[in-house]
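Next up: a single chain in structure tokens, the form predicted alone.
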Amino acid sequence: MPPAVAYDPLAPEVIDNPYPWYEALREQSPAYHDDHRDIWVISRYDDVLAAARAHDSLSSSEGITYARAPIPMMITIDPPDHTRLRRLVARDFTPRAIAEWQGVVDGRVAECFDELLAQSPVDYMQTLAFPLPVTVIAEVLGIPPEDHAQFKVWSDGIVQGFSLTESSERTMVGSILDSLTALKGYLAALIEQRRRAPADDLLSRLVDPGQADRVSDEELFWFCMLLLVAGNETTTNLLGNMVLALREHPDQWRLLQERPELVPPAIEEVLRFDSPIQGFFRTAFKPYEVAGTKIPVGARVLLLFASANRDPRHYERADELLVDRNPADHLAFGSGIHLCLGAHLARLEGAAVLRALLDRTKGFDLAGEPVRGTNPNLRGLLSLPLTFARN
């Protein structure tokens, strides 16, 4: 177990496999201060849960990644503006509303599996995990099918912003701004089109002049941008982490084959076991006490959701994947006012892919080394070469 005093969330060895470091933090220093980067780190389940809900003390307004970057997205806005925006869009992301997309998601998953199983070996990430979520979120918004590929390119450019660090900021910011500018121009034109000719999509409902509260064009752009990042990148990571975890735990794959009714709890367990979002930052607007330590005003505080999800104080056999566990209280989607708006959509897509995997294959094997991404906040795969045994 590495010493907690050596923990650096941006170090390549930590990003590659953070879980031993999380264990050290929980056991040795649950309120850890990184002197070099001047950040505080919270790692135990109860402490992370309380901090995620302490929005009056720990603010998101200076950004949720390492670099302080105030961006007017809902995920980085505090009440009362956050409350107003969340109320306006929440109706389209309730379990009942998301369930209406089941047919669309199943259809897109079937198309991806047709392509996936026609190749051997195949890169699962490039063929399914990357294109599926962005296609679904584009359809929810009302983006025409012919523009989905370009939408994905812009999304990838913007997601780079979630890995900005002091060393990479200058080289990456140009690409991010180019993607933001192109997306903003595209959405401005589409918003005007929906005002003239509404359709049955989320964008049309948000620009409906009959709403009691209106969303400004600027707010609408940043909301769409949030959906692109949250609805695309995190679900992609869920889909990749899920398949790799099942490959590494063949007993759990066999259990799912024997008991396919375990698909819903299996999705929750994968989210707990290898969380797509490892952690987000907050800024202390008031002194904040955790584990007997007082964090000062102005401090940057990292809430490690993924560490909380492996805390043995809260979960028995926390480092094991158990698809029948059903950890409904995991923190993979955060908690409090910033609980992930698209959580139900991510679950729907994950379950659809897992059901298709069970229905259409007998199993799968690695056809090469998996390649993980290097984003310190998001944990996912860039490449996952597989061979499938078809049913």
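Start at 1 and count along the sequence shown; that's the residue number. The structure presented is a predicted model; accordingly, all values stated were derived computationally and were not measured.
FYI, the form predicted together with a small molecule isn't displayed, but the following is about it.
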(message) Checking a candidate spot here: are I64, H82 and F280 all in contact with the small molecule in the model of the complex (at least one heavy atom each within 4.5 Å)?
(response) yes
(request) Select, from the options 39 to 47, 25 to 33, 356 to 364, 331 to 339, the stretch whose residues sit within 4.5 angstroms of the small molecule in the model of the complex by heavy atom distance. (result) 331 to 339
(message) With the partner left out here, check for me: in the model of the complex, does some heavy atom of L345 sit within 4.5 Å of the small molecule?
(response) yes
(message) Whether N241 contacts the small molecule in the model of the complex should be assessed with a 4.5 Å heavy atom distance threshold; does it?
(response) no
(message) Residue-level contact is defined here as any heavy atom of the residue lying within 4.5 Å of the small molecule in the model of the complex; does V263 satisfy this criterion?
(response) no
(request) Answer with yes or no whether Y186 is in contact with the small molecule in the model of the complex, where contact means some heavy atom within 4.5 Å. (result) no
(message) Only one of T135, S155, N309, T234 gets a heavy atom within 4.5 Å of the small molecule in the model of the complex. Which one?
(response) T234
(request) Identify which of I143, I295, M74, V270 has a heavy atom within 4.5 Å of the small molecule in the model of the complex; exactly one of them does. (result) M74
